[in-house]
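One chain comes next, on its own, written as structure tokens: the form predicted alone.
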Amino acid sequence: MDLDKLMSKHLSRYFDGSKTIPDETLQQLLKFLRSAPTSTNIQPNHFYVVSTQKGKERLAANLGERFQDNAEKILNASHTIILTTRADVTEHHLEAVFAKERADGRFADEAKQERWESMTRDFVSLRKYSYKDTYHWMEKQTYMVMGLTMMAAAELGVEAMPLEGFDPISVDKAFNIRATGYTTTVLLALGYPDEGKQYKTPVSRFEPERLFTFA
């Protein structure tokens, strides 16, 4: 990965609608997305991969009145991923996580798996009853997953643009998301840049002295 190149480029805000991500590249990216880590392996996400013209039009039409400027970005992107987050951690979901870990042999010995499950239950209970921030905690996992996926996309030569300019209620309704126990957190548009609309100016950031404190 060329970090100097990444540090000197602007995020693409406009895509070339004539270019499509090859399926092999997309599958690599989705494989990475599936593997991205989350706290206590809670895996609170479901991902809607929007790539058909019909799907793009449905998403673009349901961004909400205030955010219609983003419709063009959705329509020209090769794919847009709707990253959704669970509304709550149910017992059924916890059991599903533990069952998959056991099936995959995550822990070589049964005692370690049992200790892990006990620790996970305690931590989830802490978020739910003491901190009272279960959804916010899971939402932070979603953003971590998105950030890692953006880096993976760059490695694969794909532009990735996060979008918070949308009405989650409208998107949830358009894709019947809330009925599944999830809600839309953020969108990630993927594709190749419209070179005519790319910023060519330097990236502007604060100096290190303002940003870093060493202790």
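Quantities reported herein were computed from a predicted structural model and do not represent experimental measurements. Numbering starts at 1 and runs along the sequence shown.
Quick note: we don't show the form predicted together with a small molecule, though the next part is all about it.
Among the residues Leu148, Leu163, Leu30, Ala154, the one placing a heavy atom within 4.5 Å of the small molecule in the predicted bound form is Leu163. Among residues of the shown chain, Asn70 is one whose heavy atoms approach the small molecule to within 4.5 Å in the predicted bound form. Interface residue remark: Tyr143 is counted as part of the site for the small molecule in the predicted bound form, having a heavy atom within 4.5 Å. In the predicted bound form, at least one heavy atom of Arg205 sits within 4.5 Å of a heavy atom of the small molecule. Among heavy atoms of His10, some come within 4.5 Å of the small molecule in the predicted bound form.
Of the candidate stretches 163-171, 22-30, 35-43, 50-58, only 163-171 has residues whose heavy atoms lie within 4.5 Å of the small molecule in the predicted bound form.
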